[in-house]
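Quick heads-up: it's one chain on its own, the form predicted alone, in structure tokens.
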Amino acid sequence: MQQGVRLDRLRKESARAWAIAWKDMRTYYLTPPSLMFGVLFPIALFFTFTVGRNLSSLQSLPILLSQTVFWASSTVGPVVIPLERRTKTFDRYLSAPMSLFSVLLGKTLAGIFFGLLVSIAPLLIGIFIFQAGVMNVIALALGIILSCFAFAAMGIMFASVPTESVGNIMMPLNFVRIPLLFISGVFIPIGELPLIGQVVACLSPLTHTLVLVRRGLGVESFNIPLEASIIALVVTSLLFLYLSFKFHESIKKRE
């Protein structure tokens, strides 16, 4: 009996989370902040740091794909939540018979699907125009999906800042996102970093995104086992989601 009640509650919570995610997808994906920080900014960074480096299209594709997943997934939460605080929509969610976890899970799902949607374009361009081959489908799929989860949850965690301004969240978030690009092998090969830099790189989820994407596309990568990268992204996803819940819960109690 008790197990049936739990399953029914899980079903209802999942349905509510999906309803929130679907609403965010229809409402916020084409807003200027989402397009600016989730699509245009990573493309601009990609061309800024790759033009003139004599990289082949096959070497450039994992960089572009990892960047788009990273920026797009982590942008939705920091855009949606402050805008909904401004319109009091976020408060109405919490005053309704809906748990904080369902709300945050819905926002995380919206970030995941935005990351998946944006990453489709460079992947298809690489495969059909530049003739890139997918050598390990599982590694590539897990790299993209788990990274979308991890970075979407990271964005939700930063969105716990109690503000109605997107910029007030984007500023501290970018202070984390931009340094991650330079320690994760995106612009500077990890092998060229000093030993301490290589150790720090192994702690970055973006490093493991790049490892899995490169292995999936058959490009030489830093010597990290695939299993270790998969576990790192799973652990990071759950950690960010847990911290997101705790931070938002703490803010809610103070209000």
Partner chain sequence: MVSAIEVRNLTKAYGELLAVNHINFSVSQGEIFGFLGPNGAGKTTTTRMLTCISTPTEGSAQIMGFDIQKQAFDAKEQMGVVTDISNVYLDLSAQENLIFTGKLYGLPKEKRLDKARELLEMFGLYDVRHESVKGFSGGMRRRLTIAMALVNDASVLFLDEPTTALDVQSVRVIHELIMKLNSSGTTIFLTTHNMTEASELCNRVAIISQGRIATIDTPERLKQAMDRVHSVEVVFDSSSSHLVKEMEELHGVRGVQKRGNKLRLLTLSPPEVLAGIFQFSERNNIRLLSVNTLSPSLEDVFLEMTGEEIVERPKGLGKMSGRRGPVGPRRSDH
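If you're wondering where the values come from, they're calculated on a predicted model, not measured in any experiment. Numbering follows the first chain given and starts at 1.
The following text describes the form predicted together with the partner chain, which does not appear among the structures shown.
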TODO: Please determine, with the chain shown alone, which of 23 to 31, 63 to 71, 201 to 209, 222 to 230 has non-hydrogen atoms within 4.5 Å of the partner chain in the model of the complex.
DONE: 23 to 31
Task: the partner chain contact in the model of the complex: Thr89, any heavy atom under 4.5 Å - done: yes
Open item on the list: I'd like to check something about Arg9: if you look in the model of the complex, is any of its heavy atoms closer than or equal to 4.5 Å to a heavy atom of the partner chain?
Closed with: yes
Task: is_contact(Ala19, the partner chain) in the model of the complex, heavy atom dist at most 4.5 Å - done: yes
Open item on the list: Whether Ser95 contacts the partner chain in the model of the complex should be assessed with a 4.5 Å heavy atom distance threshold; does it?
Closed with: yes
